[in-house]
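Form predicted alone, single chain, as structure tokens, below.
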């Protein structure tokens, strides 16, 4: 069941209707049933995998919670008889037990993801034939990371383990998030799922507006641009030089419209139900540095890797020992950098691998890491530059240059996702500076990419609308909420979105407009 299908629209509408028809205390059951109906029609063969993840998540969280409760009872019962050292030893003992339970649960949870997603890639490293093609369940990366984050939070004592198996199942399988995220935290999402929200016409209008805008970005903008991107990728041997730049620009439009559009659909449906998962984007193309970009793009993924990979690794005992050794033998300046940089490299390696099982994704992650580390090392120079040229650095043209530079850098390494082959991608990057064929492109080459003048006009109009909405959304209150306060305007905009999508949406032969780029990753 695809987000862009009429069946899904009917399913989502029925879910919202039934949710508010049931008593408040029972509404979370409506969501749980809807989750599994959605997943069944998305592919009933996927059900055993999400059920396995749910069972692991529930049982290991309860196990760790039981250890925590036992520790608390023991310390309370022996409060007067234990010395400070003995209490510390008891806490250390239970912490070790919880750590081993967490490791066991993580091995099962991440292990299934690794086997299904990476077996073929690992086998391909050692041989070129007989590579297994395993099933890849819908949304497995998203619900695995969300579930394992919950287990880690339970082990840290940040949240108490959910006692009800079915409520845990609802947290793992909330259907709007399954396709593209966001990756929610248990403490933020679970109470909202269980609480029976009263009907609110404002939430309904705001959610409908957001979902409609998401469909517009996906079907009118992203899917239209994707036709040209597919042509550029398929004919990459001949479409070099300026065409590579054109691909970078068009694919940036595709990935933004596709991913943010899918997130808008998911969060819009959730908002209609009175549920507000975490935001995943914050005008990323206005970022003036790579670091700022990753604070604005796929926010929940970045915070997951930061909280559950980078920080634990950088303060781990082996890293502390390495830091001490490197400071003593390599000097203070270099020594203090090595542990942080190793943790950063490992985190971005995993981030690339999470996006897909292929060398292009790994290189993509490591290039992002390189840009971040180089930017960090050049920070003193940037500070010196700002000190010498304060007016220039505070000017709008300079800010536009910074945003353009960041946009192009991110788009350049993102082209690895399109060309796939790493050496080939590097060669194509080289042609940008060696093949000067812009005359060919502007003399008609851009019209031989599967799009006509009318298509480019629609694409330009769509990009302009997205830009204007982004600029109007800078205020503290989101634009959709300001608009939803005016019912007549809301109805007009919804009608306009529907008409534009029906008239200008992409439904090409041989091109599946229903597919999202992130749908299984």
Partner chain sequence: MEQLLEILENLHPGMNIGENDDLIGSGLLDSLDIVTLITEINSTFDVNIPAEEILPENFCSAKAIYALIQRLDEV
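What you are looking at is a predicted structure, and each value in this text was computed from that prediction instead of being measured. Residue numbers count along the first chain shown, from 1.
There is also a form predicted together with the partner chain; it is not shown, and the following applies to it.
Novice: Establish, in the model of the complex, whether 391, 407 and 470 all lie within 4.5 Å of the partner chain, using non-hydrogen atoms for the distance.
Specialist: So, no: the whole triplet misses the partner chain.
Novice: Of these, 242-250, 275-283, 179-187, 82-90, which stretch puts a heavy atom within 4.5 angstroms of the partner chain in the model of the complex?
Specialist: Checking each option against the 4.5 Å cut-off leaves 82-90.
Novice: So in the model of the complex, does any heavy atom of residue 74 sit within 4.5 Å of the partner chain?
Specialist: No.
Novice: Could you tell me if residue 317 has a non-hydrogen atom within 4.5 Å of the partner chain in the model of the complex?
Specialist: Residue 317 belongs to the contact set for the partner chain.
Novice: Taking 4.5 angstroms as the cut-off for heavy atoms, does residue 312 touch the partner chain in the model of the complex?
Specialist: Yes, residue 312 sits close enough to the partner chain in the model of the complex that at least one of its heavy atoms falls within 4.5 Å.
Novice: For residue 434, is any heavy atom within 4.5 Å of the partner chain in the model of the complex, or not?
Specialist: Contact check for residue 434: no, nothing within 4.5 Å of the partner chain in the model of the complex.
Novice: Using heavy atoms only and a 4.5 Å cut-off, determine which of 399, 427, 420, 156 is in contact with the partner chain in the model of the complex.
Specialist: The residue in contact is 156.
Novice: May I ask you to choose, among 340, 363, 374, 122, the residue with a heavy atom within 4.5 Å of the partner chain in the model of the complex?
Specialist: The residue in contact is 340.
Novice: Which residues within 324-358 place at least one heavy atom within 4.5 Å of the partner chain in the model of the complex?
Specialist: Contacting residues: 324, 327, 332, 336, 337, 340, 341.
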